[in-house]
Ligand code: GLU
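The chain below stands alone and is given in structure tokens; this is the form predicted on its own.
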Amino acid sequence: MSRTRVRFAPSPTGYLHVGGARTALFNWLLAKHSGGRFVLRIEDTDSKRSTAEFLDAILEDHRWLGLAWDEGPEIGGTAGPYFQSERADTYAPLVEKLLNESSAYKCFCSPDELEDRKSGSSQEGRDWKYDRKCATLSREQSAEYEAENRPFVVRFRIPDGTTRFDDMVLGSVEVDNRELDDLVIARSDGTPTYNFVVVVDDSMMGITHVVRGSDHLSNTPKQILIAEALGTEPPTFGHLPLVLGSDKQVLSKRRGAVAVGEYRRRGYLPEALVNYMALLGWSSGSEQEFFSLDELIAAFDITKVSRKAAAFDPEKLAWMNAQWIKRLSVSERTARVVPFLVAASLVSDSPDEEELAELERIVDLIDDRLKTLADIVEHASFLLADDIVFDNIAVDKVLTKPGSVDILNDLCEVLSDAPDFEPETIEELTRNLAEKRGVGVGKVIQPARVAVTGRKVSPGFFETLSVLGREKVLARLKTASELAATLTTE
């Protein structure tokens, strides 16, 4: 399989969603595992709906996921152009070739005529397919209709017999050609249809293997027959099980599928999303659950893709994302969360070494609390912002307790005289204060935690104060003491 050439061919009429991204991933893994090439082809013939915004997003999503393409937009290649809209001149001569060889014919049936015959078929309880009324037109009759300026489409003539192919996932598939329709390969305005152009493009680009969703299975025998009629070798096909949502319906753009870019904005790691998508319908055969891209390349075997539909579980993806975040070093985790802190205006656009060092201390303090990278804003805001937002419930339940004002004032005094502001020193002074006041250390920590963080729950108290620094801690203790004094006198 060293000559393997696969392609992923998205349409820039929307964002890349999980189902499409998984198809791209499986193609990419097949190419990389076999030492082949991954071709990115853009099917942009729908000019009304295709936009530069969607194209840019699709390319960025591929880069973010780590699925670099070997040929395609921005890098070119020997089989270009890689935009379908730039290949228009390729198709018309091949449609003409099929017409000349009687593998296709011109159909002059109007849409109204077709609808009437389809309705009649439905009333009789028969499945409708084109009845080949125009398939027997002589060249003379066809020329006469054209001379009358009758609009026509070009239909591919399905030959007699059966079409059989070995699917990389489904095994042997055989279709009686009588079940197939004489499909339209060129519309009345001359533009070719999907099932025709995809065959031409795959052939001219040397695509050897086509991996796609099982919703395309019905197209495969038609495309094989078109390829054979054009005198080209059809690629080897593999049809992936569909991905179902929580409602057991096919996950799609119209049924709540989340765009890859949205996961990026929510703070998911590409490693986690790739890992999770790989397990949607595929198994390595081992108990290993966490795979890097390199490990996936080494382990990937398309014959181990299940034939059953895969269920997309957002909670499992969220769990896996949290596990991948835990696997990052503190410095790497810090680098990943910086864009989210910048977006929240909690750090400068380009943090210097001193700021990064402080951020590493904060990330280390937060430890395993991050489920997504975006969670850093919630967990670190009180550490980075000049002012904190108090949780009203925490204030009512903690700061208004008798003695809170005195505790905060006393702690402020002992910490202001601390020889240093390391966690060990802060802990010793806090415990000494509690002992002096004849209370458990928790009675001191509770109001102080609310005072410096604004909330009842935070990372380790002593470490938090050390990271905040003496100046911020003392200022917040004083502010909270004044607030508590006001509340207790009201």
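Given the structure is predicted, the values throughout are model-derived calculations rather than measurements. Heads up: residue numbers just count along the shown sequence, starting at 1.
Absent from the display: the form predicted in complex with the ligand. The rest refers to it.
Engineer: Hey, with the ligand in the predicted complex, do K106, Y130 and K133 all fall inside the 4.5 Å heavy atom range?
Structural biologist: Judged in the predicted complex, none of K106, Y130 and K133 sits within 4.5 Å of the ligand.
Engineer: May I ask you to choose, among A9, A480, L16, V473, the residue with a heavy atom within 4.5 Å of the ligand in the predicted complex?
Structural biologist: Result of the distance check: A9.
Engineer: Name the residue from F312, W324, F165, Y194 that puts a heavy atom within 4.5 Å of the ligand in the predicted complex.
Structural biologist: That would be Y194.
Engineer: Heavy atoms within 4.5 Å of the ligand in the predicted complex: which of the stretches 261-269, 377-385, 212-220, 172-180 has them?
Structural biologist: Selected stretch: 212-220.
Engineer: Applying a 4.5 Å heavy atom distance criterion, does E427 contact the ligand in the predicted complex?
Structural biologist: Output for E427 is no: heavy atoms all beyond 4.5 Å of the ligand.
Engineer: Do V337 and the ligand come within 4.5 Å of each other in the predicted complex, heavy atoms counted?
Structural biologist: Answer no; every heavy atom of V337 is more than 4.5 Å from the ligand in the predicted complex.
Engineer: Answer yes if any heavy atom of E43 is within 4.5 Å of a heavy atom of the ligand in the predicted complex; otherwise answer no.
Structural biologist: Output for E43 is yes: heavy atoms within 4.5 Å of the ligand.
Engineer: Even though the ligand is not shown here, does I362 get within 4.5 Å of it in the predicted complex, heavy atoms only?
Structural biologist: I362: no contact with the ligand in the predicted complex.
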